[in-house]
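Provided below as C-alpha cells are two forms of one protein chain, presented individually as structure 1 and structure 2.
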Structure 1
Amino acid sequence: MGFGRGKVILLGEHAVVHGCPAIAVGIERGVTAEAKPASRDLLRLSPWGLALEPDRKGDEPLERAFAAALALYPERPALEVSAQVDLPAGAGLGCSAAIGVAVLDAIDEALGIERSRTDLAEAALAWEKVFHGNPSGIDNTMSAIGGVALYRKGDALVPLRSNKPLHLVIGYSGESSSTKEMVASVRRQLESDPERVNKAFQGIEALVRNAKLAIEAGDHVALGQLLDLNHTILSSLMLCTTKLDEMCQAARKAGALGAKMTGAGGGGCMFALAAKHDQALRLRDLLGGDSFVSEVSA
C-alpha cells in the first residue's frame, strides 16, 4: 500500500519558496494508494468519485500530474491506481503532494521498485510542479518523510529532536484556496515592494531559527509566541482571511500557547499549539467543524 502523509508548516511558508528555512511536521492523516496492472492507465480518487486518464495537456491538473508521474516509469504495463484521500483539498495540508507521494509509492510497489523515502520525495516533485509551478519542495518532502524537521530548498532535511511531543489542533476555515495563486501574489508583492517583503522574509527566518531552538529545548511557551508573530507577518503579506484570524484569536483566548494560519493561506487551515493533550481536545471542540488533533513527536 502506498502512503503519503499530510503536513503542517509550523513556521516559514512562502518565505521557504524564496530560499528561507521553514519548519514543518508530517501528520498521521494522508493518502493511501494501490496500483495494479490494467488494460489502460487510470487514476481513481476516493472519496471524490474521480476516474482520470493521464493527459500531459489536460485541463485538470491531476491528469497532467498523473501523466508526469507515469513518465518516470518508461517501461511498465498499463496501471490502474486507486487512491483514498483523507485530507481536505486546497486547505494547506499538502493534499496534492500527499496524493503524488502515495501514487508513486504504490506504483513502485506494484513494479517491485525499491527506493528510499528521500528519493521518493524527490520523484514526487515532478507531480508537485504541475500544481504550483515553483514549489519549494517542502510539501512532497514532508509527505514522504514526516517527523518534525527544518527544510530549506536544495538542502537535506534536518530532523529536529525533542523529548516533548507537540500537541497540535488543526482547524479548517472551510475556505479553499489555490497555492499557485497565493505564491504568485507574494511574488507580485516582492517585485513591487522588495524592501517590505524581504524584511518580512528576514523576520520569518529569524522566527524559524528561534523556533528550532524552542522545539529542541521543549519550550512550547516560546514556540507559541513565535507562531503568533509568524501569523502577524503572514497577515502583513495579505495571506490571512478574517475567518482564519478569528479562529486563531478564539484559540489563543481559550488558552492555546500560540496559533497561526498554515500553508499557502487565503483560506485553508490554521493550527493552535496546546500545552497538553486534554487542552488540545478542548480546543478541537471549540474550533468545531472538521478540526482534529495531531500529536507529533520530534
Structure 2
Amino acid sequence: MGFGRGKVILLGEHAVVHGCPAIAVGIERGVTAEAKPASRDLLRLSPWGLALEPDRKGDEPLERAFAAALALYPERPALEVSAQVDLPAGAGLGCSAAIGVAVLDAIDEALGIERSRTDLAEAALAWEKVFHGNPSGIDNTMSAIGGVALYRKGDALVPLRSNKPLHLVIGYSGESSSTKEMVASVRRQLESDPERVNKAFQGIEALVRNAKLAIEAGDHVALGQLLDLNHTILSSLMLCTTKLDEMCQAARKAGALGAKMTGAGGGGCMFALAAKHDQALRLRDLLGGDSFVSEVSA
C-alpha cells in the first residue's frame, strides 16, 4: 500500500517564497493508494468519485500529473491506481503532493521497485510540477519522509530533532484557498509598500530561527508564543479570514499553547499546539467539523 503524508507549515509561509526559512512537519493523515495491472491506465480517487485517464496535454491537472507519473516507468503494464484521499483539497495541507507520493509509492510496490523515501520524494517532483510549475520541494519531501524540518528555497531540508513530540490539532475552516492568488496578493503588497512587507518578512524569519531552537530544546510553551506572533504578522498581510482567526482564538482560550493559520491563507486550515495528547483531543472536539489530531516526532 502506497502512502503520502499531508504537511503543515509551522512557521514561515509566504516569507519562504521570498528567500526566508520556514519550518514544516509531515502529519499522520494523508493519502493511501494501491496499484494493480489492468487493461488500461486509470486513476481512481476516493471520496471524490473520480476516474481519470492520463492526459499529457489536457486541462485537468490530475490527468496531466498522472501522465507525468506514469512517464517515470517506460516499461510497465497498464495500471489501475486507486487512491483514498483523507485530506481536504486546497486547504494548505499539501494534498496534491500527498496524492503524488502515494501514487508513485503504490506503483513502485506493484512493479517490485525498491526506492528510498528520499528518492520517492524526488520522483514526486514530476507530479508537483504539473500543479505548481516550479515547486519548492517542501510538500513532496515532507509527504514522503515526514518528521520536522527547516527549509529555505534552494537549500536541502534540514531535519530538526527533539525528545518531545508535537501534539497538533488541525482545523479546517471549510473555506477553499488559492495559493496562487494569496502569493500574488503578498507580492502586490511588497511592490506597493516594500518597507512594511520586508519588515514583516524579517520578523517572520526571526520567529522561525527562535522556533528552531524551541523545538530542539523541547520548549513548547515558547514555541506556542512564536506561533501566535507568526499568526499576527500573517494577519497584517491580510491573509487570515475571520473564520480562521475565530478558530485560533477559541483554541487559545481553551488552553492551546499557541495557534495560527497554516499555508497560503484566505481560507484553508489553522492548527493549535497542545501540551499533551488528551488536551489535543479536547481541542479537536472544541473546533469540531473536520478537525483532527496529529502527533509529530521531531
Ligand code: MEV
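These figures come from a predicted structure and were not determined experimentally. The first residue in the sequence of structure 1 is number 1, and each one after it adds one. Note that the rigid core is defined as the largest set of C-alphas that superpose within 1.5 Å between two forms.
Between structure 1 and structure 2, the form predicted in complex with the named molecule: Structure 1 is the matching one, since it is the form predicted in complex with the named molecule.
Large Cα move at Arg188 between the two structures, threshold 2 Å, rigid core: It does shift by 2 Å or more.
Residue shift check between the two structures, rigid core fit, Leu257 Cα at least 2 Å: False for Leu257: its C-alpha shift is below 2 Å.
Cα displacement of Val85 between the two structures reaching 2 Å, rigid core superposed: No, its C-alpha moves less than 2 Å.
Shift in Å of the C-alpha at Glu75 between the two structures after core superposition: A shift of 3.7 Å at the C-alpha.
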